[in-house]
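Just the one chain here, the form predicted on its own, laid out as structure tokens.
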């Protein structure tokens, strides 16, 4: 019995960690910019493609394989530095104050463009480079041999939760973000550069999405269509946790991860349906998500 429970729990945590990276970026951007960025899933897959390309380059040149760990982080930074300011200044800025339908349509158009751009640049073949996973090896937990890389994913997700909370509660940038989230007009009236805050917040959201894609590369690889799958899952997690709630995104990722793994173990044909069944149950009980409310707006 224990041999079945331990891998189930570890697989759930690892699955939840990868979903969390995409979902928390989406919820952070919504909380600050009040924009539901449908293109978020594409940024996740772009992070994966860039990371896989760099890792394959390292392997082809027979460089130190441990450089692949730095490549995962470096790719996320590059994607955030390029796409964060570009998307905010070139597209999202023009949607502020417009209806949610307009924002969704515009970002969905961006999603389609980014998906085609990936096919043009990277082709339609799958990318897979497992060097980081092989280098970390395995460990035995309760008699069950498990990949250390999966444990690393869980640890990094915890670090992201703690890091975001420290950023928001204990730094000047966090206080500025909180002021903008609480009352955008008041923040502008006291001299806060909201445009700069929006660029930083969107870039941080892009970084988290790209980091999730990069970290997923050694385990599941990257293939066309991953962006759409990730986008739908991230929206499900955001809906379960409550839009704009960091801790809600963490708990919802755990629920979705557990639902997916339970489905794989018990009824594999329901794997794709399980996350949305969990979302349906939660929303029937709490229509605004586990941590959401009608009036409250905080991160």
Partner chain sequence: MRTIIAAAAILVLALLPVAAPWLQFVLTLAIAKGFAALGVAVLLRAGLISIGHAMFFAASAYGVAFLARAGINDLALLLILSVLAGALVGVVAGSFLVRYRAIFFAMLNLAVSMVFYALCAKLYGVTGGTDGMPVPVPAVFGVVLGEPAFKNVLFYLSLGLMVLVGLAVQRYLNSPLGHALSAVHTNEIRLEYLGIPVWAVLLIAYVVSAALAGLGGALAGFAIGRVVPDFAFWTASGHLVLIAVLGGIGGVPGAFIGALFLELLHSGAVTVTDSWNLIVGMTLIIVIMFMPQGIYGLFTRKEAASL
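Residue numbers count along the first chain shown, from 1. Computed from a prediction, not measured in an experiment: that's the story for all the values here.
This next part talks about the form predicted in complex with the partner chain, which is not shown.
*Asks:* Between the options 70, 59, 232, 266, which residue brings a heavy atom to within 4.5 Å of the partner chain in the model of the complex?
*Replies:* None of the others qualify; the residue that does is 232.
*Asks:* Which one, 131, 147, 91, 179, lies within 4.5 Å of the partner chain in the model of the complex by heavy atoms?
*Replies:* The residue in contact is 91.
*Asks:* Quick one: is residue 111 in contact with the partner chain in the model of the complex, heavy atoms, 4.5 Å cut-off?
*Replies:* It does: once the partner chain is placed as it appears in the model of the complex, residue 111 has a heavy atom within 4.5 Å of it.
*Asks:* At 4.5 Å between heavy atoms, is residue 190 in contact with the partner chain in the model of the complex?
*Replies:* Because no heavy atom of residue 190 falls inside 4.5 Å of the partner chain in the model of the complex, the answer is no.
*Asks:* Using a 4.5 angstroms cut-off on non-hydrogen atoms, would residue 258 count as touching the partner chain in the model of the complex?
*Replies:* Judged by the heavy-atom cut-off of 4.5 Å, residue 258 is well away from the partner chain in the model of the complex.
*Asks:* Evaluate residue 250 for contact with the partner chain in the model of the complex, applying a 4.5 angstroms cut-off between non-hydrogen atoms, and reply yes or no.
*Replies:* Although the partner chain is absent here, residue 250 would stay clear of it in the model of the complex, with no heavy atoms inside 4.5 Å.
*Asks:* Taking 22, 81 and 183 as a possible spot, do all three reach the partner chain in the model of the complex with a heavy atom inside 4.5 Å?
*Replies:* No: no residue has a heavy atom within 4.5 Å of the partner.
*Asks:* Which one of these stretches, 49-57, 267-275, 62-70, 250-258, sits within 4.5 Å of the partner chain in the model of the complex when only heavy atoms are counted?
*Replies:* Contact-bearing stretch, as computed: 267-275.
*Asks:* Even though the chain is shown alone, can you say which residues of 25-55 have a heavy atom within 4.5 Å of the partner chain in the model of the complex?
*Replies:* Sequence-ordered list: 30, 36, 38.
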